[in-house]
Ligand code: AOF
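Before any questions on how it binds or moves, here is one chain, the form predicted alone, in structure tokens.
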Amino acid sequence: MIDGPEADVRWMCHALGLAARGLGRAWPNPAVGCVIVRAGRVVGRGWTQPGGRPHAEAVALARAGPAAAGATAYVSLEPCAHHGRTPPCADALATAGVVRVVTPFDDPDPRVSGRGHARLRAAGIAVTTGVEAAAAARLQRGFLLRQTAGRPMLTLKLATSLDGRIATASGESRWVTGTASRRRVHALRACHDAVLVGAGTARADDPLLTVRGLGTMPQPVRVVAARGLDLDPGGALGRTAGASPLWLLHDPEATPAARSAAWQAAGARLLPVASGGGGLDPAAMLAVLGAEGLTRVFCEGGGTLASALLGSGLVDELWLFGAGLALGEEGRPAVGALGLERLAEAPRFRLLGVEEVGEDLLQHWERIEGR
């Protein structure tokens, strides 16, 4: 079938697949995919390029050339209608002679928010919306949350033993899970804008938090929640602050001036965050990161930070790597105290998928709204 609802679903799924290639690379812009189809054949396709420019539509139109005239464009988000560093994509589609545009929903960005669709209709282009809206919303969750809630999507990764421990009582944690799982973690880092850990994890593990083993690609921003900046600038993060972005969330009231100066000299960016309950306020942390343009944040713990985010209802997705070993009650728990008295207070998640990764088991969960 060349035209019709089934074809619309098929080509929109293709556009969503292209959009996924830009995750972790396009912020603060959304990662968008575009497929241009004429007479049942793809004549151009593209996705948002690193740094957010050029847009998916511009890439697809350039590849389609004159073949875009009379074609249908499938775009995973409403085409933009405002002038930024590039002209509006809605105008570019009209100028190219596209006769129909299919999208999942309006872009909530106030600079667009229905204006792109209106611009297309005013140019005589047929517009169809609502195609694969649920799948598009999941893919664009980070961008949508930043527009509607002022914060990025938060993904929590846990790598635990059978009994929910992340380390022995002495702190030994390398390695609870296997090589295949660690490689998968690098792939997950790569599709997020930033990697977040707490100060305790940074001190104990001295991690790099970079993407490795997957070729050359843009690195995510490395973020550490360290209320008093009680970290060693001579560690792995400090030594590489000039090579890959490093942001430190801290409370200026709890940070000695000498520590701030040392980290700034190392090349880190310091972002002030209000404290609450003895640590940095989780909602305030995400609000700060959202204000900086981040749309997708990948948290790798530890237990104190994980419990703070879970307890605040801020974990949108959870990737749980489970290894076939037991560490016992004396081992360090994956999640710190939540202060729950009733089951009804517990954060709840819906299972999206389960797979074997080497000798480990990987579960993918998403938060149940309102729970």
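Numbers follow the displayed sequence, beginning with 1. On a predicted model such as this, the values are computed, not experimentally measured, just so you know.
The same protein also exists as the form predicted together with the named molecule; that form is not shown, yet it is the one meant from here on.
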Partner-contacting position among 322, 333, 52, 311 - heavy atom within 4.5 Å of the named molecule in the predicted bound form: 52
In this chain shown alone, the residue from 251, 109, 281, 292 with a heavy atom within 4.5 Å of the named molecule in the predicted bound form is 109
May I ask whether 48, 56 and 143 each come within 4.5 Å of the named molecule in the predicted bound form, counting any non-hydrogen atom? yes
Wondering, does residue 30 line up within 4.5 Å of the named molecule in the predicted bound form on heavy atoms? yes
Given that the named molecule is not shown alongside this chain, does residue 80 nevertheless sit within 4.5 Å of it in the predicted bound form, heavy atom to heavy atom? yes
Please pick out the stretch from 167-175, 259-267, 122-130, 109-117 that is in contact with the named molecule in the predicted bound form, where contact means heavy atoms within 4.5 Å. 109-117
